[in-house]
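Read the single chain below, which is given as structure tokens and is the form predicted alone.
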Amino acid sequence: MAALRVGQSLAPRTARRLALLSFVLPLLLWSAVSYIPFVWHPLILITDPGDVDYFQPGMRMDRADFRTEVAHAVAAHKPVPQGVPANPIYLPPPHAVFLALFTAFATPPATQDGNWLHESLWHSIQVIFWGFVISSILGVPLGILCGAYAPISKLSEPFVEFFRYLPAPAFGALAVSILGIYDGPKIAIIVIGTFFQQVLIIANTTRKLDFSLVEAALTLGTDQRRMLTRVVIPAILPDLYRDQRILLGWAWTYLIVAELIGTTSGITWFITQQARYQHFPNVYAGIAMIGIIGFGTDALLGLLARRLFPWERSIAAQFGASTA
């Protein structure tokens, strides 16, 4: 098992195959649960109601209740109901979700006040963008300063440590009171949820700077005013970039909660509406779109990182992860 050695690099073809397998295995499990009758399938989908008056074709019911009705029909010498094993309606098979991924963009909203899927996605992307941009404008400089200068760290980080334990959704009502019912409070929740984490993570990244670089810069005559911009920031830039990619993923996790505050909008509203009408393939399609957009964005940022920092090598890249 040489490939399992710590830090062991993989051949590009092997890395690609393992990356593909990471998606194929869950899909195979989902397919097995969906299509193989003896793997779960706790319900019976009625195909023929027989003589049972409350049965309807397409109705799902518990196996035990179905067997009871079958036994009653047999005992009374009446037409026996027929059915096939089925899963609950909230677990659609893969093909239904894949079909919904295509049809949801062409299917009009179920209500007049609803939005198309592409409209919902675009609205959510804007909320994520502005929330993360504001958080980064404030959090990145403060994090670097905390990591570089001990007085600023002692002045800021104790309060940041305290505040990061406060759940961002708890500020929802306050955000609505101050910022109104539209996008303002949603953006604020994402800012609150990521800003304090940014400060601490970036401060820790800054502290990992090789101090020999600072000593070399001082030896060459670099003053303290230029130390930050000429030495510290360029040295931590690859790690800082990687931190931002991880924190962007955290911003997406706050999106669903943020969009429940104030007016309902975005992809959360689409998912909620589809669930209300039991269009569960569309629910899964909406959830999958969040993952596709997030994963696609991270992959693009990863490709950009290779252009920006070609000298950067990490153990994550050796394992074929998307963090390089």
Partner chain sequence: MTLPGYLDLAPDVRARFERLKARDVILQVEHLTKQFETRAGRTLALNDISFTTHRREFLCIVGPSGCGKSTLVRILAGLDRQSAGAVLLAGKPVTGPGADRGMVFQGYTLFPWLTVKRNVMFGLEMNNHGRAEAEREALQWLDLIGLGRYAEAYPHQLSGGMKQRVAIARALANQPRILLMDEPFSALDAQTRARMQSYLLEIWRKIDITIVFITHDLDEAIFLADRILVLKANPGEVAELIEVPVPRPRHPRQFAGPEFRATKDRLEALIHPPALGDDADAYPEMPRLTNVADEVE
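Numbering follows the first chain given and starts at 1. Predicted model only: the values in this text are computed from it and were never measured.
Unshown form predicted in complex with the partner chain; subsequent notes refer to it.
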Original post:
Since exactly one of 138, 216, 89, 80 fits, which has a heavy atom within 4.5 Å of the partner chain in the model of the complex?
Top reply: 216
**OP:** Please pick, from 107, 126, 253, 222, the one residue with any non-hydrogen atom lying within 4.5 angstroms of the partner chain in the model of the complex.
**Re:** 222
**OP:** From the candidate stretches 95-103, 207-215, 180-188, 158-166, select the single one in contact with the partner chain in the model of the complex, where contact means a heavy atom within 4.5 Å.
**Re:** 207-215
Original post:
Quick one: in the model of the complex, does every one of 231, 234 and 310 get a heavy atom within 4.5 Å of the partner chain?
Top reply: yes
**OP:** Answer for residue 72 alone: is it within 4.5 Å of the partner chain in the model of the complex, judged on heavy atom distances?
**Re:** no
Original post:
Can residue 226 be called a contact residue for the partner chain in the model of the complex at 4.5 Å between heavy atoms?
Top reply: yes
